[in-house]
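Okay, so here's just one chain, in structure tokens, the form predicted alone.
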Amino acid sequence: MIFETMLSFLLSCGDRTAYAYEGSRLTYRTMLSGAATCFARICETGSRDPVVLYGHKEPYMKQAMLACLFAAVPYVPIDRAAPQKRVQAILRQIHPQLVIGDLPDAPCPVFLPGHAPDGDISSLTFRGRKPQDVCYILFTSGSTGVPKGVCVSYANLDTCVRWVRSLPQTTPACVLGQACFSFDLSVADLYLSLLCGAEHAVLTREEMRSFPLLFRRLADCGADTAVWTPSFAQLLLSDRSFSRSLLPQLRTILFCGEALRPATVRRLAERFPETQIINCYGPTECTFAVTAARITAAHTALERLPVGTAKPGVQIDVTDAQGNALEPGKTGEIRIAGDSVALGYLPPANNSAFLQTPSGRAYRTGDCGYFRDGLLYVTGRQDRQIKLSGYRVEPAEIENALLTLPQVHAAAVLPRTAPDGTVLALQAFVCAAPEDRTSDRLRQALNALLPSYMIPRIRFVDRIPLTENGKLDTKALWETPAV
């Protein structure tokens, strides 16, 4: 596996910048020294039980991940912003041997790397592991309210990072990461930077909540490669200063986590005409992503963008309700099989979405899509489709229509429901310049694009709120005041 050869490569990087956080920079030598400190503490326990990494994007989080890779113990990143009720639910499921970070009321020993001396890099060795051993556990939201732990193996991660490394057309020198480490989008920027010996620049929570801080950080980072959610890109595009002059070296943007809209790409292309845009798709249960497409100007004329073709070792089918593969052009549930499919969920989660197929271990995603000309297109979630006045409606279609209008900078559409769950109306939240905040004019423009039953109510807002993972925050959106 690729990790067995990674240590000697990282040692050769020496004084090259490895990690940039809050104005400070760590060299590869310093990063490995910190990893050795954590490695020694993990080895003291003599256990192979999971290690919790608790924090935000402090350098010790990445150092501890490396330490866990060397020590062959699963790591479980938990962001400091997670509610304590969720944190406790995670701890009850994993029974950790150790917490690295300042987690209060931890049920096991806590280690604070900053209070320990620098470690001996020569002590770092790869302890024995099997390809199907658990490498890390990421927790996603469960439909029952209990977070579900996705167990990703070393083999899963190995095949994923080899493929991710092949996506940029050039070798990155500085990879800009948006996501917190508890969100699987971070797998791409974290391991891409390691495999290339690149600088890993990360955006903090405080920077992402303040345009002045954010844009100052973007101007200083020197990134040539970025890993973002589409919602984060839309947020950046809402400010006219987000352009090539701010990030003059940006050559590649890798998108995943949400649907990328043609309108978003068109606006990016206007400001970053020479930057390649890669649209990826894949759930946490399939190790970050399993498809990729290089988006061109021709694609932006389509109703929706392709997410591309499957990575090597993966078979993707679009299936009917009985699990039978559908022919190209027919819409159904996306099913992923092959070497990227995770080991499954930790108990007590239901593992019925994982199954065995002739193509190997598979995962039923709950996403809808179809194939056209050999490319996969994702139409939305099965659980996001709604019924309004007898019509089946996909809110994403309305969002797409809104984003084609030149006066709309960003938009999100949610259903208004009765206590019994009946959908009463559609509510659109729209960011636009003050002179364009006219509901009647906007609804009139939508009438040329959508049937009347899909025309939503309009609320103009200053900003579309995002979660810690950079995705749409629906709860906060309802609470956002109109402007």
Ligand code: AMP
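Throughout, we count residues from 1 along the sequence that is shown. Bear in mind that the values here come from a model prediction, so they are computed numbers and not experimental data.
From this point on, the text means the form predicted together with adenosine monophosphate (AMP), which you will not see here.
- Interface residue remark: residue 284 is counted as part of the site for adenosine monophosphate (AMP) in the predicted bound form, having a heavy atom within 4.5 Å.
- Mapping the unseen interface onto this chain, residue 189 falls outside it, with no heavy atom inside 4.5 Å of adenosine monophosphate (AMP) in the predicted bound form.
- Residue contact with adenosine monophosphate (AMP) in the predicted bound form: residue 177 places no heavy atom within 4.5 Å of it.
- Proximity of residue 385 to adenosine monophosphate (AMP) in the predicted bound form: non-hydrogen atoms within 4.5 Å are present.
- Comment: 374 to 382 is the region of 374 to 382, 125 to 133, 196 to 204, 86 to 94 lying near adenosine monophosphate (AMP) in the predicted bound form, near meaning a non-hydrogen atom within 4.5 Å.
- Residue-level contacts in the predicted bound form: of 399, 339, 367, 158, one residue has a heavy atom within 4.5 Å of adenosine monophosphate (AMP), and it is 367.
- Among the residues 362, 253, 307, 412, the one placing a heavy atom within 4.5 Å of adenosine monophosphate (AMP) in the predicted bound form is 307.
- Residues 184, 279 and 392 are all found to lie within 4.5 Å of adenosine monophosphate (AMP) in the predicted bound form, as judged by heavy atom distances.
- In the predicted bound form, the separation between the C-alpha atoms of residue 370 and residue 453 grows by 3 Å or more relative to the displayed form.
- In summary, the C-alpha positions of residue 363 and residue 394 converge in the predicted bound form, ending up at least 3 angstroms nearer each other than in this conformation.
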